[in-house]
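Listed next as structure tokens is one chain, alone, in the form predicted alone.
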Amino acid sequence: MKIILIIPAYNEEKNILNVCKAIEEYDNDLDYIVINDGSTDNTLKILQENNINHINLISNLGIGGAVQTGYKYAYRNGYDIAIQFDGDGQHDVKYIKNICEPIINEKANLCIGSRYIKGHESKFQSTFMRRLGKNIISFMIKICCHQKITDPTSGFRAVDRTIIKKFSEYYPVEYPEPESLVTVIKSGEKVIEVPVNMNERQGGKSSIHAWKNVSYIVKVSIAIIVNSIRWKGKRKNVIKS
């Protein structure tokens, strides 16, 4: 099967080269594409000087736009599995095989690398506010989609070609991970989680600062509800037609 890693990167000059080297050491034949999301530091220069496969976005689209660019690339180039993989060094290449297996064995359309599966919790834990936000978002998805997702904000995910096509056509911009999960679950595809360990960011700053703001968590919850209602309306229209 053709597999590719999609690596969104914004101002990751301290991390991106090490991330790419780790992937090549893990599997030199594994394809990957770095989406440089309008970085203002030396990220693009590093990609160019080291002949790293990349797409350069001339302006910052945000994580949603960058990831969708990767999915468009994956779909147009006929990949069977696409893996979202952060450019900050937090995702561990050793778990690539784990999150691909359910896709390869056709047990899932989307597989999430989770830090919070009971008995397999990641050694590195995020801040209290992020964990609180994660719990609230997980609760909202369970209410709206009737499925418990322990790590709804994880950016370490593998998807099959069905989802590659879907995400190439539409991928949420504001709150991409939880909103896209609602889209996938509500459209009838299967989502599962496997345990992974994650690392602490090796350098630079996270592109998501809003976790300190309670209003951000509220907005994510509202987006989940709205997306859920939208899909409910679509299903009713399908039944009527």
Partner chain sequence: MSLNLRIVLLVIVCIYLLVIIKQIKNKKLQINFCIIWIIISILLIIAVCIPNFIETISNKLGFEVASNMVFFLTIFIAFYLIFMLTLKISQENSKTRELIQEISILNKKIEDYRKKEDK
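These numbers come from a predicted model, not from an experiment. Positions refer to the first chain, counted from 1.
Not on display, but discussed next: the form predicted together with its partner chain.
Contact check for G65: a non-hydrogen atom falls within 4.5 Å of its partner chain in the predicted bound form. In the predicted bound form, at least one heavy atom of N56 sits within 4.5 Å of a heavy atom of its partner chain.
Taking the partner from elsewhere, T69 is found to have a heavy atom lying within 4.5 Å of its partner chain in the predicted bound form.
Using a 4.5 angstroms threshold between heavy atoms, K142 stays clear of its partner chain in the predicted bound form. Just one listed stretch, out of 47-55, 177-185, 192-200, 23-31, contacts its partner chain in the predicted bound form at the 4.5 Å heavy atom level, and that stretch is 47-55. This chain is displayed alone, yet in the predicted bound form one of K107, R76, K148, K94 has a heavy atom within 4.5 Å of its partner chain; that residue is R76.
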